[in-house]
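Given as structure tokens, the chain that follows is alone and in the form predicted alone.
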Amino acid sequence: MKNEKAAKIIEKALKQGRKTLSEYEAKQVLAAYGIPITKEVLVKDKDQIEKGINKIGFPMVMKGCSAEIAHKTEKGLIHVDVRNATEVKKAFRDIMKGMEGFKGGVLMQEMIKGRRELVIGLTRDPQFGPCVMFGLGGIFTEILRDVCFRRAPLELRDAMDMMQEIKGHKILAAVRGMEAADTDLLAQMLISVGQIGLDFDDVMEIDLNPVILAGAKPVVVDALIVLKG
């Protein structure tokens, strides 16, 4: 059974002829499958800013959010460590100005603190179908390419094996005063990402990077879902 909430989001995007979901939409799909995401609110008008502040609190991250913009950092559409209402209003103005010509709004998001970053993803292989990916995230994804893959559907044993297969697997253990990662929750995240790929043939790619370990808990901080064009 497809998740109804996720299906509505994906079907709406497909009807509009879009090839990607916005970050906000992508995270709503993930949340529908029980995958932990950042607490966030999408703001499209300056009159909604105060409500966003009350919901998210400080410090926060603010991002331009549009299905039409994939690389937010290069366009200067991300403001981190925003600490008061004055900074929020300035960041909102700057981001909206930078997004001129694009549909969307500003994502007000809790700032997740953690030094360990992971990546979880999904690619649709022409031969094997949806394959789940796991590895070291953040800037290290492209530099180290320390990732592994499994064909969906995943069982708990598969997900646990993936975590041990990467070279940097010790990052998940208790190290330098940081507690061990919640591998049970990570395993469920990997299984759920595979399930999204199985449930929706139109989902071609999922990229959750970074997934930050906030203490033991993995939280998806940024998300991209690519649809069949």
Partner chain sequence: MSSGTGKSGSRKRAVYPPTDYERIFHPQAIAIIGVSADENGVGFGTGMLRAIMMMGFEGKIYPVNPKGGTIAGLEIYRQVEDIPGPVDFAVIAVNARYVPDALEACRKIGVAGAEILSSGFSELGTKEGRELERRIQDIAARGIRVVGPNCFGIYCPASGLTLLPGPDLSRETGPVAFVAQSGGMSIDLAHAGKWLGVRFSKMVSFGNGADLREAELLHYLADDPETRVISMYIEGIKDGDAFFSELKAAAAKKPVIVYKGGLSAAGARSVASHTASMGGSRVIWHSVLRQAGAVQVNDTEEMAQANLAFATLPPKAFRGISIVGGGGAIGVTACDTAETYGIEIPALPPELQERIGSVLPKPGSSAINPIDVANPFVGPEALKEVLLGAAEDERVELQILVSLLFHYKGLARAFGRPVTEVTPYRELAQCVRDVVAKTGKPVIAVLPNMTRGVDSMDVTELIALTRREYLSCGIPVFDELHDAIRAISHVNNYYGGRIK
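Positions refer to the first chain, counted from 1. Given the structure is predicted, the values throughout are model-derived calculations rather than measurements.
There is also a form predicted in complex with its partner chain; it is not shown, and the following applies to it.
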Checklist entry - With a 4.5 Å heavy atom cut-off, would you call His79 a contact of its partner chain in the model of the complex? => result no
Checklist entry - According to a 4.5 angstroms non-hydrogen atom cut-off, is Leu107 in contact with its partner chain in the model of the complex? => result no
Checklist entry - Would Gln164 sit within 4.5 Å of its partner chain in the model of the complex, counting heavy atoms only? => result yes
Next on the checklist: When the contact criterion is heavy atoms within 4.5 Å, does Asp199 count as touching its partner chain in the model of the complex?
Outcome noted: yes
Item to check | Answer range among 21-29, 214-222, 5-13, 201-209 for contact with its partner chain, defined in the model of the complex as heavy atoms within 4.5 Å | outcome: 201-209
Next on the checklist: Just to make sure I understand: among 149-182, which residues lie within 4.5 Å of its partner chain in the model of the complex, judging by heavy atoms?
Outcome noted: Phe149, Arg150, Arg151, Ala152, Pro153, Glu155, Asp158, Asp161, Gln164, Glu165
